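Have a look below at one chain only, the form predicted alone, in structure tokens format.
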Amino acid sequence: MGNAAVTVRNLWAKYVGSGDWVLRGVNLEVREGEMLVLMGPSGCGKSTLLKVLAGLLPWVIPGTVEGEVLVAGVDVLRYGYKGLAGKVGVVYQNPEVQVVTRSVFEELAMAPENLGLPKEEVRARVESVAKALGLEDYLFKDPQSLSGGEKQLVAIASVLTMRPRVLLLDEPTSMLDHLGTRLVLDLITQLKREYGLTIVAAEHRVEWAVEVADRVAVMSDGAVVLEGSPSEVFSKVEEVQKYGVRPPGVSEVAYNLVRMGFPIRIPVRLSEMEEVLGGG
């Protein structure tokens, strides 16, 4: 891992009209090329943290933000979303707020065109991402004719054609089926490996999260309360359950085995469970 791509120090945030702080003294660091997955129950502050990192709160969404936030070398609280142009991509939970053009090709081409790239480079990026996500047959369709899951794939693809240094994902697989989730997971992993992409994602699908995350940060009541590798976090059985995060299925099985007196390490992936039960 390289230097810090995201640095958050003593971050407090709240929305206009909100009497209480939504984020309370958050401290976080994400290294270049690292993927951090934010987890926690609804209302814990995950989406608000992403809005601050994206330069939307308080620049677009009225509110109060205090502390220090650096993303891709940009002082976000000073320059907002405009300072992050071309450096940070955001994928929202609801694709309706993101998909705005009349064809999938236009949607995927919009970000690289706005960056002033040559037409040949724009087309190459569109075709590459479309192929990776299985969208080749959709390029000249109207996005509004697509299903919710297909629109989400288009929204993700439209950000990836920009090839940002930092990618922010707010529940990116919430509208996708198993195949769509697999395609997105594989593409994100590929981009992370090939381009050193730094990723911060809020995600409730814990099995998806532990497959791709380098680190997990559990949030509760506006603060980061647990942080570490998936194995480190989900080995803390009582704490994970205390903060309302469902552990991976294989971890739950292991918890029960430990309670029964079997001194085994806690796996987070199916392959690790096979190793544990096989004595590997």
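Predicted model, so just to flag it, every value in this text is computed and none were measured. Don't overthink the numbering: it's just position in the shown sequence, from 1.
A second form of this protein, the form predicted together with a small molecule, is not displayed here; the remarks below concern that form.
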| Among 25-33, 247-255, 228-236, 43-51, which stretch has residues whose heavy atoms lie within 4.5 Å of the small molecule in the predicted bound form? | 43-51
| message | Under a 4.5 angstroms heavy atom criterion, identify the one residue in 171, 113, 127, 106 near the small molecule in the predicted bound form. | response | 171
| request: Sort through 93, 189, 101, 181 and report the residue having a heavy atom within 4.5 Å of the small molecule in the predicted bound form. | output: 93
| query | Would residue 15 count as a contact of the small molecule in the predicted bound form, using a 4.5 angstroms cut-off between non-hydrogen atoms? | reply | yes
| task | Verify the contact flag for residue 204: yes if a non-hydrogen atom of it lies within 4.5 Å of a non-hydrogen atom of the small molecule in the predicted bound form, no if not. | result | yes
